[in-house]
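Have a look below at one chain only, the form predicted on its own, in structure tokens format.
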């Protein structure tokens, strides 16, 4: 029997689909003969009592989840997500440099620092990538700090905001699509495949409501992993190979019959009735990985 701690925050239970997935993990673990307990912030002192830690709260090197990951890792526990995966996925500049180094098919990308931020550079970027383009802060999640700009004024406004968060920002070619592929990968194997559809009239999967803190999300269309395009899966696996062997969600765009990586995310969303819809065994596969 393996004792598994699942680190969560209260917000993980705000949506029935995510709460349902968490219960599915618990049922899967217990049916396989393992112990599975939810751990909140006030229970971090209990980490040494477990054999494995599964993190479902939002990961970031500045968040409690990272402290949990690093503590479990240093104690020799099996941990998902591991601290190195969190660091690589949290820093998009570092991640895209790895893609470049290992020749991962990717969206055309540049990095801009504060010293290069002037009129001529902006003109050159528009000449290279066309209009509009996409600007990203290096530390992003759930489509936050990702904006589209089409003129120098909007470029400057967005870049100045993002430079408050980092000395670098990410500049990418805008590649419109009706959906992004999401490929779930665990230990160098495809776990699930989905299409994250864009909300009507929008250009990204998650869009903030005007004047409100909430987001509009597009539909999730799930496929059986065996039926997904082979090239899609190959690109996803290559992208993950430069990050690690943990649990990842790879965002990929389909362009002219081929595939380019948008980014690799640690701690990917797993909601009941969404990512698991065509691949019901993902819970058992993740528990098995934690207990090997």
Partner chain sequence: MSGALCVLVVSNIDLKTNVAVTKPSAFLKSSVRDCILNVNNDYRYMKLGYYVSLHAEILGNKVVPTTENAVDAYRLPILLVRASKNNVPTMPYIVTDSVKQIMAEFKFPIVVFAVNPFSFEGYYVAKNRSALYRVVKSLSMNYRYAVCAQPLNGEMVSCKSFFGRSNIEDASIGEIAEKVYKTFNIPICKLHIQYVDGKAHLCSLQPLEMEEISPSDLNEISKTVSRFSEKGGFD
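Since the model is a prediction, treat every value here as computed from it, not as a measurement. Positions refer to the first chain, counted from 1.
What comes next is about the form predicted together with the partner chain, which does not appear here.
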| item | value |
| --- | --- |
| Per-stretch contact check against the partner chain in the model of the complex, the hit in 55 to 63, 22 to 30, 242 to 250, 223 to 231 (non-hydrogen atom, 4.5 angstroms) | 55 to 63 |
| Interface residue in the model of the complex among 218, 105, 132, 138, criterion: non-hydrogen atom within 4.5 angstroms of the partner chain | 138 |
| 4.5 Å heavy atom contact, residue 113 to the partner chain in the model of the complex | yes |
| Exercise: residue 237 in contact with the partner chain in the model of the complex, heavy atom 4.5 Å | no |
| In the model of the complex, residue 109 touching the partner chain (heavy atom, 4.5 Å) | no |
| In the model of the complex, residue 126 touching the partner chain (heavy atom, 4.5 Å) | no |
| 195, 276 and 280 all contacting the partner chain in the model of the complex, non-hydrogen atom within 4.5 Å | no |
| Residues from 81 to 103 in contact with the partner chain (non-hydrogen atom within 4.5 Å) in the model of the complex | 87, 90, 91, 93, 94, 97, 98, 101 |
